[in-house]
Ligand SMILES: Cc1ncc(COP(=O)(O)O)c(C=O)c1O
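Quick setup: one chain, the form predicted on its own, written in C-alpha cells, and binding and motion questions come after.
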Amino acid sequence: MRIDPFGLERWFAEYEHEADIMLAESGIRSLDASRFDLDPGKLGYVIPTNGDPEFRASVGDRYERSADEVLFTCGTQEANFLTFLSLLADEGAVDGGNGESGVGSGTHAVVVTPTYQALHAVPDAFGDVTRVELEPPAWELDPEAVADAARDDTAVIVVNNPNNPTGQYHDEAAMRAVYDVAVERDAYLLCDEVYRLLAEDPQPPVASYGAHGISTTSLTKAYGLAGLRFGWIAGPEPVVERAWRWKDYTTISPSLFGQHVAKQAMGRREDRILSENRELAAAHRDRVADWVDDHDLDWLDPVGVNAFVTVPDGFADAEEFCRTVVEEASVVLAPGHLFGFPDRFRIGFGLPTEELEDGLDRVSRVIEAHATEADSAAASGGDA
C-alpha cells in the first residue's frame, strides 16, 4: 500500500509553529474549556468501545438512524479513514467478507475535487480513484459528471459539503442526484459534513437520504472543539459494523474526555454554541469580502470559514505568494497547488477577530509593497 505525503500538513509543519498568525486554519476559533464540566470520572476506555449507546442513539436520531448505525471516532479524519477501510480495503466486506456481491463492493472511488487531501489520497492508497473536478468560478457540483465517472466496481462516491477549500455549499437537489447515481451503481455516497452546521440553513445530512447514504463529521469545525478529537460515522449498519472492526486496530475507543464534553456541547449548550459560531463566521466573511474587493481579487462567497481566493498580481503563483507572506509578514496561508489550483490560495477566517484583522493587515502590506516594487520596475524599464 502506498500513501502520498499530506501536502497541507507538511506545509503547516514547515511554517505554523514559528509564524505569528495562522490564517490558513479551516475551523472556527476554539472554545474555552472553562465552559464545560471536565471531570468524566475514572479515566478508562469508553465502554462499549463504539461509544455510549444512549448517546449514539441521540446522535442517530439526527440522521433518522439507530444507535447501531453510529460509530464514535477520533475526529472526522478517523471517521473517513475507517469508512474507506470498510468499503475499499476488502472487497465485499460490507456483506461479511464472504465473497458475495453486495452494496459497496469494489475498489473504485469517485471523488469530487478540489477537496481535503485525505478524501482522495486514502481511497487512492487502497484502490482506484477517479476525480470529478469542480470548475471555477462557481465550483458547482455536476451529477452528470459524477455519473460518467462511476463504474460497475465503484464502491463509494465522495463529496465534501460544504466544500473545503472553496466554501461552496452544493444544493440539496444536486446532492440527491449524486445519491441516485450511488444507488444506481450499488455504491455509497459518503459526505464529509464537518462544516454543515456553520450554514445558517443546514441541508439534511446525507445519511438521512436512505440506505446508500453515509455522513461523517465531528465537533472540530462548527463547534470550535478541535481538541476533543470527537467525531462519528452515521450510515448503514453493515458499514458501521465493519468500521468498528477496523477501529479495534486504530484507536480502540473514542476519547473519554471527548465523549464527556460532546454530550454537553450537543445538549442544552448546543444552540448557543452554534449561534455564536455562525455569527462569528458571518461577520468575518463580510470582513474578508471587503478585503478581497479592496485588492481586486476573486472568490466564491463561501459557506463555512474557508475561501479559495485568486493570487494577487505580481506573484508567479500561489506558492510564491504564500511563501512571501509567511517570510515577510509571519502569516500562514495555504497555497492552492496543494488542492490542484496553483493560481489560488486558501484563507481561513474562523480565528479570533483581532488575529484576523492583524493577519489581513499584514497580508495587505505585502501585496501593496510588491505592487509598488512592480510599478517601480515597470517605470524603470520604460525609462531605459
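For every residue, the number given is its place in the sequence shown, counted from 1. Nothing here was measured: the structure is a model prediction, and the numbers come from that model.
Keep in mind the form predicted in complex with the ligand is missing from the figure; the text below concerns it.
Proximity of Thr166, Arg196 and Phe349 to the ligand in the predicted bound form is absent: no residue of the three has a non-hydrogen atom within 4.5 angstroms.
Taking a 4.5 Å heavy atom cutoff to the ligand in the predicted bound form, the contact residue among Arg242, His212, Lys221, His120 is Lys221.
A heavy atom within 4.5 Å of the ligand in the predicted bound form is found for exactly one of Gln264, Thr113, Thr107, Gln77: Gln77. Contact check for Ser26: a non-hydrogen atom falls within 4.5 Å of the ligand in the predicted bound form. By the criterion of a heavy atom within 4.5 Å, Arg229 is counted among the residues contacting the ligand in the predicted bound form. Contact check for Asn277: no non-hydrogen atom falls within 4.5 Å of the ligand in the predicted bound form.
When the ligand is considered in the predicted bound form, Thr154 lies well away from it, no heavy atom lying within 4.5 Å. This chain is displayed without the ligand, yet in the predicted bound form the stretch 221-229 from 221-229, 172-180, 203-211, 137-145 comes within 4.5 Å of it by heavy atoms.
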